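A lone chain, given as structure tokens: the form predicted alone.
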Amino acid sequence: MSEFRYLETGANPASFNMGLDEAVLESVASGAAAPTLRLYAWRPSAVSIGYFQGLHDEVDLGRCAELGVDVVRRLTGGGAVFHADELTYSLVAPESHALARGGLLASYRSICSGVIAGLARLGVAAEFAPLNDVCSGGKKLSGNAQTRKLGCVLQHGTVLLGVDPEAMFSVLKVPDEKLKGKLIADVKARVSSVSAVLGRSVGYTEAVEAFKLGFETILGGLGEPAEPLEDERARALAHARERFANGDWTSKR
């Protein structure tokens, strides 16, 4: 039996997604749950900002409200991310686990090997690009972020199934509106998607199966698909309500 529990929780609001990541972290830290891989998506689309970012510097809140786009502050650092046509994973394990050893760069490399294996299952050749990206043909397909709390590592990351820079910059702020066209062109030059690389549409359902199998190869197997513990779901909803959907938390910087 694999030491890793496997959850696939489908598409949920941003506050619940971040709440469940934290609840799983707490469960693994307390020993109530095995190390866990979770695959999920976002509905509605969302912007997540890094723990240390300034909300009003990064996000056009008025435009997000108009478009029905969620806004959430992550527990992890890094930059603002627009979550739309993608698969997201989160992996939680004790810091003593082999995947978490050797420092930040080594752990990013180890865990991102699951992303690379998942992409390979879809027919996409990719490589790790330090510090925390996965690229194919020199273009970014996956960005990843990590935090260490309660004696555990939590790493989550996105895999772009499609990318729409115009939609992204309609909700993310730019330093100068006159630069928006250049920024969009820059993203198109630096960032791609699974669908673009393969020349066909790849949806969430197909991606889930590929990434389950991909991570399985680096984790030495996965348990049968499971549901979050009842207590985890309750804590996820509480974290969502009290923190991730709370304006004080979101606008703390």
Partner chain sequence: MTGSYIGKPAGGKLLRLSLEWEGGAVVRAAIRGDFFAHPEEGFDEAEAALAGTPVARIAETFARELSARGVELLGLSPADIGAAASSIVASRAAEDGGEGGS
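Positions refer to the first chain, counted from 1. No experiment lies behind these values; they were computed from the predicted model shown.
Quick note: we don't show the form predicted in complex with the partner chain, though the next part is all about it.
Checking S136, S113, S170, T147 against the partner chain in the predicted bound form, a heavy atom within 4.5 Å turns up for just one residue: T147.
A heavy atom within 4.5 Å of the partner chain in the predicted bound form is found for one listed residue only; from E209, E227, D57, E66, this is D57. Proximity of L75 to the partner chain in the predicted bound form falls within the 4.5 Å heavy atom cutoff. For L131, a non-hydrogen atom is located within 4.5 Å of the partner chain in the predicted bound form, even though that partner is not displayed. When the partner chain is considered in the predicted bound form, G79 lines it closely, a heavy atom lying within 4.5 Å. Mapping the unseen interface onto this chain, L179 falls outside it, with no heavy atom inside 4.5 Å of the partner chain in the predicted bound form. Segments offered: 138-146, 179-187, 114-122, 162-170. Contacting the partner chain in the predicted bound form at heavy atom distances within 4.5 Å is 138-146. Contact residues in stretch 90-124 (any heavy atom within 4.5 Å of the partner chain, taken in the predicted bound form) are L104, Y108.
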